[in-house]
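Let's start with one chain on its own, the form predicted on its own, as structure tokens.
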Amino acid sequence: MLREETIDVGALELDCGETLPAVQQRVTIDGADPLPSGENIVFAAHALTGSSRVAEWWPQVVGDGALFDRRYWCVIGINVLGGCYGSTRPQERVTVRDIVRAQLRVFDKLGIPRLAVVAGGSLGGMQALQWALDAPERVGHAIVIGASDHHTAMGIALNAVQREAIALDPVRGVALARKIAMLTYKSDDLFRERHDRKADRKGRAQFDVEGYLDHQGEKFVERMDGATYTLLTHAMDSFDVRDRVAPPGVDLTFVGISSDWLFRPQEIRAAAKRLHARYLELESNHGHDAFLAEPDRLRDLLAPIVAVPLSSRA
């Protein structure tokens, strides 16, 4: 089963005090039929530039023979409030809590009271943690990947520079913001291994790493706009749930990435300890991007803690 639809969730009050009169959420439902108990339903929350089409950006985690195998699991993706892939984009600033509040409305509309798993990386990890804190009665297991319980000063500073680039030029600025972001998503070891001081592979008068960044910027402009990028990076910057206590009844897992310097593993480990959660570490030289760049390794790391739904077992 693969179904896409736009769901009207009505008026939504935001944390800023404003109310959006009519909110739409773009939703993709993939895999097995959802069970009434919710035991086979996964909500996969996307990162900053993702969409509701989870299988497209998270292979080996969602798909045939993946961690969340379509034969057993019903996987639901929702384009975030403020996203550019079908959901409402308000003019006001939104928070991760606003994003989750809109998602909860979607599941109400779908008649789904409880989810077996909520999982996501980066901004998606922030959403997974917010779900566990705001609706613990509706989540069996929250998996927070490459995200802590707050965005750091360094993360906020890097986002601010990217937004300034966009403010200077709505097109070239988006490309430059993406180049800056790619530096934060990768690691020094990976760049040395892939590019080092090599000449540009296309023969241009520049280093290979410059050509790589140019390519990333050009591709990004085709699928992302500055308003969305600005809105969602502000949402990430506002995320801070350090005043919250461990959610009751939720199996909570944090996953750090060994070479991640944007969301450093020691900070994620500290968040897990504070919330009495499980901590796992993904060994990779891909940096923050590892949860997307090496989904096979992530699948193998998570497989021992993700069980096939009981009703689906032979």
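Remember, it's a predicted structure, so these values are computed and weren't measured experimentally. Numbering starts at 1 and follows the sequence shown.
Omitted here: the form predicted together with another copy of the chain. The next part is about that form.
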Taking another copy of the chain as it sits in the predicted bound form, is E137 near enough to touch it, meaning that at least one heavy atom pair lies within 4.5 angstroms?
no
In the predicted bound form, does I99 come within 4.5 Å of another copy of the chain, counting heavy atoms only?
no
Please tell me whether any heavy atom belonging to R172 falls inside 4.5 Å of a heavy atom of another copy of the chain, as the geometry stands in the predicted bound form.
yes
Although another copy of the chain is absent from this view, report whether H286 comes within 4.5 Å of it in the predicted bound form, heavy atoms only.
no
Select from the listed residues I112, L133, M224, V209 the one whose heavy atoms reach within 4.5 Å of another copy of the chain in the predicted bound form.
V209
Residue (of R89, R105, K179, H141) lying close to another copy of the chain in the predicted bound form, criterion heavy atoms within 4.5 Å:
K179
Option from 224 to 232, 147 to 155, 114 to 122, 71 to 79 whose residues, in the predicted bound form, bring a heavy atom within 4.5 Å of another copy of the chain:
147 to 155
With the partner left out here, if you bring back another copy of the chain in the predicted bound form, are A160, A165 and F239 all within 4.5 Å of it by some heavy atom?
yes
Residues of 85 to 102 having any heavy atom within 4.5 Å of another copy of the chain in the predicted bound form, listed in sequence order
R93
